[in-house]
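A lone chain, given as C-alpha cells: the form predicted alone.
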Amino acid sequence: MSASNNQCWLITGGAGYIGSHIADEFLTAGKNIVIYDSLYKGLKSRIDYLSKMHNTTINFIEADIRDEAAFTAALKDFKVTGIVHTAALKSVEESMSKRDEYLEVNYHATKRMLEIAKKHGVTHFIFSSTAAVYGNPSSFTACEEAGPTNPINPYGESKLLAEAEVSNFASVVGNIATSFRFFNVIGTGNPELLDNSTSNLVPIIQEKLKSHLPITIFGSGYPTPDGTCIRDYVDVRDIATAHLLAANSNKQLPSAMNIGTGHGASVKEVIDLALQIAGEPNAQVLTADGRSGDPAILFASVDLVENSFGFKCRYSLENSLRSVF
C-alpha cells in the first residue's frame, strides 16, 4: 500500500492555511516536497516555520499557477511525481462578482496544470475541492458523493468543473488521482499555521474578540434546532492526514471523496463553545439577515473515504477550537 518516499510532491498553495498543514504532514512522514505559491494569500512565514521545525531547507517557488512556464519548470527541475493542488480563489461571496476570474484560476488553470503534468511524468494528483459543489441540498441528510451536485455560486461551479478534469487525468493507465471535497476546515497544528481568512467563522471570531467588537450570526430563522445554519467542521490536521493516506495509496481512488466528520454543529453552537474556551462567555453576539444562497444544513457522508483507505477524523469540534483559542 505504501508509495515510495523517493517521490517528489509539489504542493500548490503550500504557504496557505491548508497547504502548510499538508506540507507539515508530508515532511513528518519523510516525504520530499516542493512548495509552489504566489503568496497572494499564502504566508512566507509558514514556510519559514516549517523549515525551522523540520530542520530542513524547503524548496519554494513563488509563482502563480497560471504561469505555465514556471509550473513546467518546477515539474522538470524537481522531477515531480505527485501534486497536491490546494491553490485557489476561495471566497464564495467574492466569486459572485468575479465569476470569470474564479473560473480562470480554479478551473482553467487546473485543466492546463493537468495537461502539463501528463507530459512530464506526474502520476499522482490530489485536488482540493469543496462541499460547495453540492449547492443547497434539498434534503437535510448527509451529502453523498454519488448524490446530486448543483453549485449555486461560481466558486462551487469552478471546483466541480475542475473535478471532471481530475477524473480525466485519473483515467490514464498508471495515474492515481482524486478530488477531496472539504467541508468547513478549522483548527491548527501550531499558531504559526493559523487560518488567516477573513471569511471563515473561526478567524472571524478571533478577530472580533481581539478588536472587542460584536460577533454577527447571519440568519437565525433556518429550520434547525436553534435557527442557525449547521455545518460539518473538520480539523485541518485530519485534512492533512487524509492527503498523506491518499499519497501513499498505490490503488486507484474514488474520483471524489468527502472530507468531513459526518455530523454537523450550528453556527451558534460553534460560537458559544469558542467563547467559552476563549474565556469570553459574555462577548456580544448579534444576529442579522441570512445571506443569499446559504444552505440551512450541510454535512458530509464519510462512508466512502473511511472505506477507501480507513480514514477517520481524530479531532472533535472542541479539540479543534482549543487548538486555536
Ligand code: UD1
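Everything quoted here is computed from the prediction, not taken from an experiment. Numbers follow the displayed sequence, beginning with 1.
The discussion below concerns the form predicted together with the ligand, not included here.
Asks: Report yes if all three of Ala132, Leu201 and Tyr233 come within 4.5 Å of the ligand in the predicted bound form by some heavy atom, otherwise no.
Replies: So, yes: the whole triplet contacts the ligand.
Asks: Please pick, from Asn153, Thr81, Ser167, Asn248, the one residue with any non-hydrogen atom lying within 4.5 angstroms of the ligand in the predicted bound form.
Replies: None of the others qualify; the residue that does is Asn153.
Asks: Select from the listed residues Lys52, Lys44, Arg291, His263 the one whose heavy atoms reach within 4.5 Å of the ligand in the predicted bound form.
Replies: Among Lys52, Lys44, Arg291, His263, a heavy atom within 4.5 Å of the ligand in the predicted bound form occurs only for Arg291.
Asks: Taking 4.5 angstroms as the heavy atom distance cut-off, pick the stretch from 110-118, 153-161, 235-243, 249-257 that is near the ligand in the predicted bound form.
Replies: Stretch with heavy atoms near the partner: 153-161.
Asks: Quick check on Cys229: any heavy atom within 4.5 Å of the ligand in the predicted bound form?
Replies: Heavy-atom contact with the ligand at 4.5 Å: present for Cys229.
Asks: Using a 4.5 angstroms cut-off on non-hydrogen atoms, would His124 count as touching the ligand in the predicted bound form?
Replies: Because no heavy atom of His124 falls inside 4.5 Å of the ligand in the predicted bound form, the answer is no.
Asks: Thr216 versus the ligand, in the predicted bound form: is there a non-hydrogen atom within 4.5 Å?
Replies: Residue-level check for Thr216: yes, a contact with the ligand.
Asks: Is Asn184 part of the interface with the ligand in the predicted bound form - any heavy atom within 4.5 Å?
Replies: Contact with the ligand, yes.
Asks: At 4.5 Å, heavy atom to heavy atom, what parts of 264-298 sit next to the ligand in the predicted bound form? List them in sequence order, or say none.
Replies: Residues within 4.5 Å: Val267, Arg291, Asp294, Pro295, Leu298.
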